[in-house]
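Only one chain comes next, encoded as structure tokens, the form predicted alone.
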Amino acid sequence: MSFTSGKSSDVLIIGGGVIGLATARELHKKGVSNITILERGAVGKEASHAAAGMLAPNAETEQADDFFRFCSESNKLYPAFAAELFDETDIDIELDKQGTLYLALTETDSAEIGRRFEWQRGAGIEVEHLSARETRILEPFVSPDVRESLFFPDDCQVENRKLLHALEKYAELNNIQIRENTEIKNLLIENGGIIGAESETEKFFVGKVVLAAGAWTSLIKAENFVMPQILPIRGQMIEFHTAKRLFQRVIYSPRGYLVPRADGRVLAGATVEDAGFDKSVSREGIEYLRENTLEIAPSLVNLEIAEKWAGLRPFAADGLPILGSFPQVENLILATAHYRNGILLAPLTAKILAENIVENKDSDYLKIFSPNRFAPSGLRSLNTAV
């Protein structure tokens, strides 16, 4: 097979989702001018496009650990992040800071609400315990069966597809090269360092590689180099259209969630399925989502499903992100396995990676979420068939 050689880049980013795009922007803002993003399909059209755009570190946390702090810190970056993107691209990513409501609809839910309220308040999380009446005052169109709720005023949401559009436009305006339909098959290693990457027909030479390929990370080969395995976890979602905005906040139950958009759309999600690389939607999945939707908001019963889709979330063995480098291979940085939190974690991930690459600045998060945390038994060769 013959190859053509692509241009050499200071930083090559493999993966054109929200993590790759945000990292490219942050690197450019720190003075890196020669950046290339390689995307196996269309940029921003995989897990990042399929997401709901929730920024809910408080509603979703189960413990005040390092991962919670990582999520919270990234959430706090969003107001400045959104404002800067608007100044840079004239695209409003619709950051909505009206909070998240977590409903109790059954007796079991009420017990869970009580448990969560006690430990979260004790951990210093901003949370309010609302009665059924107070809940319905905030959101009149939720189920009349609501018993109580928790309100998280610091949680937000963003229109993730507009976020992706803004990041892509930033790249276009600032001469960051984006190559779509370019699937990297191999990383090229020489003398313990990455010198490039190759697709089926082309080679790209680099100073530094950021591997942000999401669920496809483990399909890329690199001689005998080993790394943690990333699994694709399918999430199906559905969408309804309403004549006006019925809900003001993201609304959770222990079984599902609704995300209202400013234009009246209501997103409902999401399934969690180990289905390989199958992105199809299923009748069972859609029925499950509709059932959870109507439990939260019976007022939507007469609406048809306007759209349905699925995405593949990148999942590591311990469910945590993988960020940082391996001592065995120079100039390769992993930025993957953000699972259900890629949109939320994009600003902080981009910040700490760019600071590390440009300023050689370390971060506790690069140590906490390092790929080196996996024991040899949890590693696989990238030459091993998936």
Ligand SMILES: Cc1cc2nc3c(=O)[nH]c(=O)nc-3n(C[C@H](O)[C@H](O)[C@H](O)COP(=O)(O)OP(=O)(O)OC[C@H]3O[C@@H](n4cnc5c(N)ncnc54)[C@H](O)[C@@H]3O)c2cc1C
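When you see a residue number, it is the position in the sequence shown, counting from 1. This structure is a prediction, so every number in the text was calculated from the model and none was measured.
In what follows, reference is made to the form predicted in complex with this ligand, a form of this protein that is not presented.
- In the model of the complex, this ligand sits within 4.5 Å of a heavy atom belonging to residue 220.
- In the model of the complex, none of the heavy atoms of residue 36 sits within 4.5 Å of a heavy atom of this ligand.
- At the 4.5 Å threshold, heavy atoms of residue 70 stay clear of this ligand in the model of the complex, well away from it.
- The closest heavy atom approach of residue 249 to this ligand in the model of the complex falls outside 4.5 Å.
- 53 is the sole member of 347, 53, 324, 321 with a non-hydrogen atom within 4.5 Å of this ligand in the model of the complex.
- A single residue from the set 59, 357, 334, 343 has any heavy atom within 4.5 angstroms of this ligand in the model of the complex; that residue is 343.
- At a distance of at most 4.5 angstroms from this ligand in the model of the complex, all three residues 216, 257 and 313 contribute at least one non-hydrogen atom.
- Listed stretches are 93 to 101, 168 to 176, 229 to 237, 138 to 146; the contact stretch with this ligand in the model of the complex is 229 to 237, by a heavy atom cutoff of 4.5 Å.
- Contact annotation for 166 to 196: residues with any non-hydrogen atom within 4.5 angstroms of this ligand in the model of the complex are 182, 183, 184, listed in sequence order.
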